[in-house]
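Only one chain is included here, represented as structure tokens and corresponding to the form predicted on its own.
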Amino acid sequence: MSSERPDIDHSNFLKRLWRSFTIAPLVPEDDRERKRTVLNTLVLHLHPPTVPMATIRYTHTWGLGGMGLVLFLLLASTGLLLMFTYEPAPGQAYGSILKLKGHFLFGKFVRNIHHWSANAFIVVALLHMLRVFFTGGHREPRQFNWILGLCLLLFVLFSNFTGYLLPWDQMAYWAITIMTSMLAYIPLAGNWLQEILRGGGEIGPATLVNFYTLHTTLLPILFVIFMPWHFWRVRKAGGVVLPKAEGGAGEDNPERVHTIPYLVVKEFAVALTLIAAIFLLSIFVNAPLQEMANPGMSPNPAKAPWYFLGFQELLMHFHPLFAVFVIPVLTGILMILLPYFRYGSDGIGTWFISKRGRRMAVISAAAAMIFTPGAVILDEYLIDLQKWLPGLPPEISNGLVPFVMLLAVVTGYYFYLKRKYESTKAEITQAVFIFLLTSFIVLTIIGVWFRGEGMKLVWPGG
């Protein structure tokens, strides 16, 4: 987009377009003006009256925050419709899904929209978090909003997790069985958390009611509270972060345009495109549904939902105490602390900080794509620490020892980058983050496509 201010004709055209979208032409003029004023006031509660022109480029934010809101509204509306037919009891839940698909007009379509919107919500939330991190949007004065964003990401994951059980088919039942079984390895509170979530010792009617209640009541309330709070914090911080050259930190008078219509029309276009994509996917690809849950017959392999398969893959290489508790907790602590490191103002608003930062990012991603599969193959076929370290408890031989080895690799990589590139703290933090993130993505891919019967490594389609 040109940095020049749009001419008058273009401005008038966009204003007329915005008005045509928002106010029906058959409404009397006085009523239209009043309703337009009310709508514009509502919009300007979410946005400032004017925004820097650079912020309305698609490539600056990709509209990911707005996409998350659209997906939430799609999930809320389709979820409300599904509640009219769904029965949260093991004997009726599966049948209500079959009845929805076969006896209600557009029932299958509504379920497909809900399913694919939920999966897209995870992807969009993750990409939005990465966009904020890679453009420095988590740094001062936006640190607390980063924490709110992490909370929203957890809500997205937990919402998908609680909704996963509701169809009560084999895939859902055994995936939730695996995930809730992992809780038992959390020190002190593990068994208690497992019983609270399951509603008892086993997955059964109480579990389904718990998950249904969390999915349809508690989590939507948390979204309704935290999403506006998150948006308000963005506005309070002055909007999305921009580089200095485009009116960001250090520049007081960036070129600005009116929010209505320039920003709002683009947001409207992104929303329509996303909705169309979800609808098309829902027309041609049905939400999965296997046979009814059978507690006496476990599928082989039994896998967690795809967004938790990275953690299930960690279980193949670390003692459960480390895979389920130590590594996730340390990762969460580091994610919370990331915005509070002293980075300075260099690179704020710029993708990957600098040219050197971009080069280090590519190197880190490539290194992780080589290291992680290699480590998995070595652990699968060559390394047996319990055999090599006899007499040690498994928490040490299969837990602490490989964890210390992983820390040594990451620490060595950190000092290698620091010495080779003489990088800033922001650049080197970003590079290590990308290395760990790419490693987790690779573990997830291995869990989805390269684990077969007995969770053995297989070649896809082989």
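Please read all numbers here as calculations on a predicted model, not as lab measurements. Note that residue numbering follows the sequence shown and begins at 1.
Below, we turn to the form predicted together with a small molecule, even though it does not appear here.
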Could you tell me if all three of L69, L150 and V240 have a heavy atom no more than 4.5 Å from the small molecule in the predicted bound form? yes
From the list L389, M227, L183, L157, which entry has a heavy atom within 4.5 Å of the small molecule in the predicted bound form? M227
The single option of Y262, F211, F121, W168 touching the small molecule in the predicted bound form, heavy atom within 4.5 Å: F121
Please determine, with the chain shown alone, which of 121-129, 108-116, 381-389, 271-279 has non-hydrogen atoms within 4.5 Å of the small molecule in the predicted bound form. 121-129
Even though the small molecule is not shown here, does N145 get within 4.5 Å of it in the predicted bound form, heavy atoms only? yes
My question is simply whether G137 lines the interface with the small molecule in the predicted bound form - judged by any non-hydrogen atom within 4.5 Å. yes
In the predicted bound form, is there a heavy atom of the small molecule that lies within 4.5 Å of any heavy atom of V234, even though the partner is absent here? yes
Given that the partner is absent here, does G65 sit within 4.5 Å of the small molecule in the predicted bound form, heavy atoms only? yes
